[in-house]
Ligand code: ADP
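Take a look at this one chain, the form predicted alone, written out in structure tokens.
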């Protein structure tokens, strides 16, 4: 690999959303040139990357041509064209995470089978080709209410997921190849960000706890550190290490975990990139998840993951019922909150529950940080 901190090194990133923007900002701190492929010429990363190519990261030709002059290629979204990346790999391009990892993670069915094959704790599941097959399984008792249906590909931020509690919810079934899991009594939802570099070094960030918006089915608050036992913390790290090592994974992997009412822990799903559950690391940890991802894929030693101060991350979501040119109503008062750090992504148009930014509140006391984060939730409204 060329020296990454040099004028002729080119890091290619598939995707220029908020994760791509924050990744390019981290890269600029160590003078790494970043080139982004995204279908939107006004994507968040356009103001922070070295160069933007407008094109689809799902299109074979667009991805293949984009990768031709890049020294290392990475992703900020997993729904990319694997065939083009595999061709680039075959021609000697360095792609991290590699296409083997990406192809497994892209498909939730393959993900679940990977956990089963490698004896990694996960909830019981079955795979179905379509809604008719699920209905037939309901009729013969193979599937019972309540259960969760997840489309095998294309889902994100709560999309592509249906929760069916009883027969009245049958209209919620999603058409397509699916994973079906029986509902579990969940006590806590936590996440671990784990990194593995090209030399095989592995480091985990301490677990964080997630609280979801009940309407949007996406994370609203994140608490660091998670309120879990030392035993559960150790188990979460062991599961995370097991996954990256079995995948031979290079880069950053976000692992979502459930702890049920019996204290059992199991993997829900993973994302092969920086993740919403690691935003707080920018202010709350010694190394941000974005810098850690760069260290991993560029061959540098991994940074310390230690918590500097307790933190609460709040997603800044578009208010329900609003769509149009964005207005951040009340942000002046919220910016006066001590310890509050704002990251506005630069999206021009707001929509109901669209992720428009996030704020991380750091404080010596987690409960105090939670109160400040709740103040921001109540007083900052993203409207049009």
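A quick note: this is a predicted structure, and the numbers were derived from the prediction, not measured. Positions refer to the first chain, counted from 1.
FYI, the form predicted in complex with the named molecule isn't displayed, but the following is about it.
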Is it true that 186, 212 and 268 each have at least one non-hydrogen atom within 4.5 Å of the named molecule in the predicted complex?
yes
None of 103, 131, 182, 287 but one has a heavy atom within 4.5 Å of the named molecule in the predicted complex; the exception is 182
Please identify the residue among 242, 113, 123, 79 with any heavy atom within 4.5 Å of the named molecule in the predicted complex.
123
Look at the stretches 230-238, 301-309, 166-174, 144-152 and give the one with heavy atoms within 4.5 Å of the named molecule in the predicted complex.
144-152
Does residue 217 make contact with the named molecule in the predicted complex, using a 4.5 Å heavy atom cut-off?
yes
Is residue 161 a contact residue for the named molecule in the predicted complex, using a 4.5 Å heavy atom cut-off?
yes
Are any of the heavy atoms in residue 221 no more than 4.5 Å from a heavy atom of the named molecule in the predicted complex?
no
Can you tell me whether residue 295 touches the named molecule? I mean in the predicted complex, with a 4.5 angstroms heavy atom cut-off.
no
Sequence-ordered list of residues in 14-49 near the named molecule in the predicted complex, where near means a heavy atom within 4.5 Å:
none
